[in-house]
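Okay, so here's just one chain, in C-alpha cells, the form predicted on its own.
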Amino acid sequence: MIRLDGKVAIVTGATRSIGEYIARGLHGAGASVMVTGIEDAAGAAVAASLGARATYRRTDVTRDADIEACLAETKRRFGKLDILVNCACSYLDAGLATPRQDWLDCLNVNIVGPAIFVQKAAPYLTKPGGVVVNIGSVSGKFGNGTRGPYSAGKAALMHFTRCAAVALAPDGIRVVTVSPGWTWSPPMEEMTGDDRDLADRAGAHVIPLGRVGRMEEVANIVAFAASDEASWLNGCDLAADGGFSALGPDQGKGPKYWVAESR
C-alpha cells in the first residue's frame, strides 16, 4: 500500500471530478493536502469532509498572485511542500471553430497555468524528493476531429513535463505526467445520462480491459507517482487508460479483420 505520511501536497482543480479524487487519494495515503480551485463552496466541502490535514484555498491558476498566495499559505500552514499536482483544466473547446479568445483562455488554464505553478513552486518543493504530477489526457496523444485547444494544451503539458523534468532534476525534483483515458467522471456521466453500464459498453470498443476507468484508479496512480516508491520515474507519462493508448487506429485487430468487415 502506497504511503505518503508526512508529505504535503497541493492539488489544483480539486473541487470536483478527478481532481477531487486525487486530493482524497493523497490524503488517504497520509499526506496533508491543500485543496484548490475556483468553486469555493465545493472546495470547502471537500476539505471539510477530509478533516484533519486538509484545507481549501481559492486559487485561479491564470492569476500569478493566487498561485503565490497558495504556495505561501501552504508553507505557513503545513511547513513545506513535497507534491504539486496540476489537475485544473478547461474544456473550452469548439474544435476548429474555436475563436481566438477561447483558445487563449483554454491554454491559459491547461498549459500556461501549470507551467507558471511549477516555476513558482520550485523554490518551495523539497530538495531532493519533491514531485510534480501533471495530469495529461489521451486527448493529447491522438488526433480528434472535434477537439482543438483542450487536446493541444494536454499535448503541450506532456512535453512541458519532459522539459521541467530535465530542468529540475539537478535539485532532485521529479516531474511526471499521468494521462487518464476514458474515465467515469462528470463529463462522461453527462454524455451517458448517468449510465455507467453504457459507458463501460462504449469503452469496451476501444479499451482492452473492456470498460472505462474509475476516478479512484487514476488517483491511485497519482499517489504512486508521487511516492518515494516511484523515485526512479522522471520525465515520463504514466498511461492511466486501461490500454487505450496501446492500440493503433486499427483497434489492435489488424488488416484481415478490417478487410473482412469491409467486404
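This structure is a prediction, so every number in the text was calculated from the model and none was measured. So that there is no doubt, residue numbering starts at 1 and follows the sequence shown.
Just so you know, the form predicted together with a small molecule exists too; it's not on screen, but the next bit is about it.
**Student:** Taking Gly13, Cys89 and Gly181 as the candidate spot, are all three within 4.5 angstroms of the small molecule in the predicted complex by heavy atoms?
**Tutor:** The answer is yes: all three residues contact the partner (heavy atom, 4.5 Å cut-off).
**Student:** Test of understanding: in the predicted complex, would Ile135 fall inside 4.5 Å of the small molecule by heavy atoms?
**Tutor:** Although the small molecule is absent here, Ile135 would touch it in the predicted complex, with heavy atoms inside 4.5 Å.
**Student:** Is Ser245 close to the small molecule in the predicted complex, meaning a heavy atom pair under 4.5 Å apart or at it?
**Tutor:** Answer no; every heavy atom of Ser245 is more than 4.5 Å from the small molecule in the predicted complex.
**Student:** Taking the shortest heavy atom distance, is Pro187 within 4.5 Å of the small molecule in the predicted complex?
**Tutor:** It does: once the small molecule is placed as it appears in the predicted complex, Pro187 has a heavy atom within 4.5 Å of it.
**Student:** Taking any heavy atom pair closer than or equal to 4.5 Å as contact, tell me whether Ala121 reaches the small molecule in the predicted complex.
**Tutor:** Although the small molecule is absent here, Ala121 would stay clear of it in the predicted complex, with no heavy atoms inside 4.5 Å.
**Student:** So which of Leu50, Val206, Cys236, Ile38 gets a non-hydrogen atom within 4.5 Å of the small molecule in the predicted complex?
**Tutor:** Checked against the cut-off, the match is Ile38.
**Student:** Of the options Val61, Ala219, Met34, Ala29, which one has a non-hydrogen atom that comes within 4.5 Å of the small molecule in the predicted complex?
**Tutor:** Exactly one listed residue reaches within 4.5 Å, namely Val61.
**Student:** Pick the stretch from 96 to 104, 123 to 131, 80 to 88, 167 to 175 whose residues have a heavy atom within 4.5 Å of the small molecule in the predicted complex.
**Tutor:** Careful reading of the contacts points to 80 to 88.
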